[in-house]
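First, one chain by itself: the form predicted on its own, in structure tokens.
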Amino acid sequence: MSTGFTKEAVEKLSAMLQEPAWMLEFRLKAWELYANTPMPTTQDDAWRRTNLRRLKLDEIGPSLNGEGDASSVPAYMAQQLTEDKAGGLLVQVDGKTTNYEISDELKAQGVIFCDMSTAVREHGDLVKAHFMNEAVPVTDGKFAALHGAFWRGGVFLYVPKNVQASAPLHSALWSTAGKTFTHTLVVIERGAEAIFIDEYGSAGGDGQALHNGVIELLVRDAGNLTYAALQDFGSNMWQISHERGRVGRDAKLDWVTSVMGTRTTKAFQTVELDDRGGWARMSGIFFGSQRQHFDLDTQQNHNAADTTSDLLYKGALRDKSRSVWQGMIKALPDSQRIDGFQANRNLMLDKDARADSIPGLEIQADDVRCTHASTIGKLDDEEIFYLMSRGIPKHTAVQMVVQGFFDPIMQRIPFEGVRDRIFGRILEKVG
């Protein structure tokens, strides 16, 4: 049975988007790779704990013509989440832009903030130099190749050399058609700075849906990027994403990930510390309920000496949900004097919930400080009893304990609006 992911579909999509010849050529090469790459199975190490057998690609197909109905986007998706008013706002439905704003101040600074299709047409040289070239290549797996062939929508953010973006940027990507292939590409040039909030969501439905996304974060020497991705897809969504940040000399990447939605999530999240003085912090929050399955595969690659990485992922699980966290810190032979830390903490709210926590180190240097930790625990009955003895109802007591569990990672998020949004969803899922 045909999946609809055909060469003809690639050509149709590229023509509809009025793309230059180089992007069509890129898509066709990616499609060729996709077509010749077998579907991953549980025999593959990276997919050992996530089974795609129930994913019906042939019933989903590519996203060729999103409806782009702005009325379907919930109001909260475009709400202010930072203390400073957003200087740029981009709202998309099924890969089609429905609302776009950018301040005169950002324009005057030379900041480029637009949807990916516009970027391909109007800033082709910039996009061509970076798109799936430095961070996430199409050779990263079958779904990376699928994305390269059928991507539609997403965000391009470019901050020129030595420019501190005058205000935060905010995007909201909403899915109604049940198939999204959004691409986020951020380029922070030497000495530049930016703050970017990237939201993803959908209402859900009866049939299967697919989000096959890519996130590329390129932070040049002495650059500084704070990036927060908030995912809250509907319960019918399968999310398979490839996400990678590259950090240059004396550069900083502060990366926040929140995973609340989907039926199944498989996310490859990697940070590459490419030169001395590079610093990266990865903060992940997830909450599973019903039969949700989250598989978060993180890599902290120290490709140079005197680099620092700090990862903390915390999750809570209820009902029959399951989480998998696989983490790896790697240090090359010449990557001396690095400091790498990773920790995964899990809170089980029901006896049928399950968490697999698998930290790892691959160290080829002899002068390093690398540590890892993982814990899986249940609600503390004594804490609940203590709060109830003070007249607090049990339901409220459980909420308070869960909030306390997440509080250390919330303190790593520099935006009150983002913290409030995540806490609100956590309390909803506690029930």
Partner chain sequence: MTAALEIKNLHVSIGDLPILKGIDLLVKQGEIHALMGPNGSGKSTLAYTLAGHPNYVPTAGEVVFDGKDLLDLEADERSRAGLFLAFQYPVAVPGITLAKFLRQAINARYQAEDPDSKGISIPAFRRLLTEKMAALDMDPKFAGRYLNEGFSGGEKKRAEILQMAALEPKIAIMDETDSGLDIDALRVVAEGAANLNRASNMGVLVITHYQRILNYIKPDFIHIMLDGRIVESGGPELALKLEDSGYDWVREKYGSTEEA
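Worth saying up front: this structure is predicted, and the values here are computed from it rather than measured. Positions refer to the first chain, counted from 1.
Beyond what is shown, the protein has a form predicted in complex with the partner chain; the following relates to that form.
At a distance of at most 4.5 angstroms from the partner chain in the model of the complex, none of the three residues Glu11, Ala15 and Leu33 contributes a non-hydrogen atom. Shown alone, this chain has one stretch from 55-63, 394-402, 36-44, 370-378 that lies within 4.5 Å of the partner chain in the model of the complex by heavy atoms: 394-402. Heavy atoms of Pro20 never reach within 4.5 Å of the partner chain in the model of the complex, leaving it off the interface. Mapping the unseen interface onto this chain, Glu25 falls outside it, with no heavy atom inside 4.5 Å of the partner chain in the model of the complex. Although the partner is absent from this view, Pro408 contacts the partner chain in the model of the complex, with a non-hydrogen atom inside 4.5 angstroms. By the criterion of a heavy atom within 4.5 Å, Ser389 is counted among the residues contacting the partner chain in the model of the complex. Counting a residue when any of its non-hydrogen atoms is within 4.5 Å of the partner chain in the model of the complex, the hits in 355-386 run Glu382, Glu383, Phe385, Tyr386.
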